[in-house]
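Here you get one chain, nothing else, as C-alpha cells; it is the form predicted on its own.
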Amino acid sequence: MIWLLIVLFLLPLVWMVALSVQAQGAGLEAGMASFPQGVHPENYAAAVEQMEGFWHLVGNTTLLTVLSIGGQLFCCSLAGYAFARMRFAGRDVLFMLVLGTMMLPPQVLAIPQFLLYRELGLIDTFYPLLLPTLFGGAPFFIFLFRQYFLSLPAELSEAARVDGCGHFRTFFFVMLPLARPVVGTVAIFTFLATWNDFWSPLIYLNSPENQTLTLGLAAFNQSYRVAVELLMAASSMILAPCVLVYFLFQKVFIRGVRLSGAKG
C-alpha cells in the first residue's frame, strides 16, 4: 500500500520532469506514461531566457525567504519560550487565544490586512510579506517551540538562574541551542511556505521589479507563445529547491515534529 501511495505522489513530478526535456512542440500528445524521445536539456536555458527577469525573480524570492525564516525563528522561539518557562497572569488563556487564531483562514483576514497596509502606504513593497513574520509569528510554530521547551528538564533553566542568567540569557545561551531540531523544522516549513507562496505576493506586489517566482511563473504560463516543455522546465527549476531541501533535511524535520509533541 505504501508503494502505491509513493507512486501516486511521485507520478506528477516524474511527468513534469519528463515533459521538460522533450523536444519543443511535442506537447502532451504522448501521454503521462510516456517518456521523451531523446533528452533536450536546452529547454531549461530557453525557459530562463524567455521568462522575463528570471534571475531577478529568484533574488526577490530568496530575499523574502531568508528574511521570513529569520523573522519566524526569532519571534516564534521567543513566544514559545515565554509560554513554556515564564509565569505571568493569563498565560494559559493567552496561549489558547494564540492557538485559536489557527482556525482563521487567511482569506478572512485578507481584506482587513490589505486596508491596513494601504493606509500605511506599504502596498507594492515587501513589508506586508515580512511584517507578519517579524511581529505576528505563526501560531503553529509558537506551539512547536512551546512544546519542545516544555520537554526540556526544568533544572536547566534553574541552573542558569542560579548562575545569574535572566530570561534572555537563559533563552539565547541555554534553551535555544538545545532546540536545533525545532529550529530546523520551523525553517523548513517557512522556506516551503514562502518560496511557494502565490496568494500574498499576488495581493500586495504590483510592480514587475518586486514580483516573486510564483508570480513570474503565472505570467509565463499566460503567455500564448510559451511551449508546454518550457513551462514544465521553468516549473521544475522553481520546484527543485523545495524538493532538495526536504530530502536533505527530512530527518531534522521529522525529529523536530516528533520531539515537539513529547509533552503537552
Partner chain sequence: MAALELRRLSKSFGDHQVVDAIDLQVTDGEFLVLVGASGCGKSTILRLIAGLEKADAGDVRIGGHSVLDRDPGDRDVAMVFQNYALYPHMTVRRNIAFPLRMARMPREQVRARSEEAAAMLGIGELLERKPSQLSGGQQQRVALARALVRRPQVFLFDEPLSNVDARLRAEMRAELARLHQRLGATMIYVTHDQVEAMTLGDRIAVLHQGRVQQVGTPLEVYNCPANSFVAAFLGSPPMNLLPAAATPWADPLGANAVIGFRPQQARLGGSLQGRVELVEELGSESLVHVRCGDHAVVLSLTPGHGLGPGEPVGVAVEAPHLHHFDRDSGVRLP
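This one's a predicted model, so the numbers in the text were calculated from it and none came from an experiment. Numbering follows the first chain given and starts at 1.
Only in words, not in the display: the form predicted together with the partner chain, which the text now covers.
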The partner chain in the predicted complex reached by all of Met86, Leu94 and Gly100, non-hydrogen atom within 4.5 Å: no
Select from the listed residues Pro112, Pro177, Gly121, Pro106 the one whose heavy atoms reach within 4.5 Å of the partner chain in the predicted complex. Pro177
Note which of Leu130, Ala160, Val183, Leu78 lies within 4.5 Å of the partner chain in the predicted complex, where distance is taken over heavy atoms; exactly one does. Ala160
Report whether the minimum heavy atom distance between Phe74 and the partner chain in the predicted complex is within 4.5 Å. no
Does at least one non-hydrogen atom of Phe140 fall within 4.5 angstroms of the partner chain in the predicted complex? no
Considering non-hydrogen atoms and a 4.5 Å limit, does the partner chain approach Gly90 in the predicted complex? no
Residue-level contact is defined here as any heavy atom of the residue lying within 4.5 Å of the partner chain in the predicted complex; does Leu134 satisfy this criterion? no
Choose one stretch from 149-157, 190-198, 113-121, 78-86: the one whose residues place a heavy atom within 4.5 angstroms of the partner chain in the predicted complex. 149-157
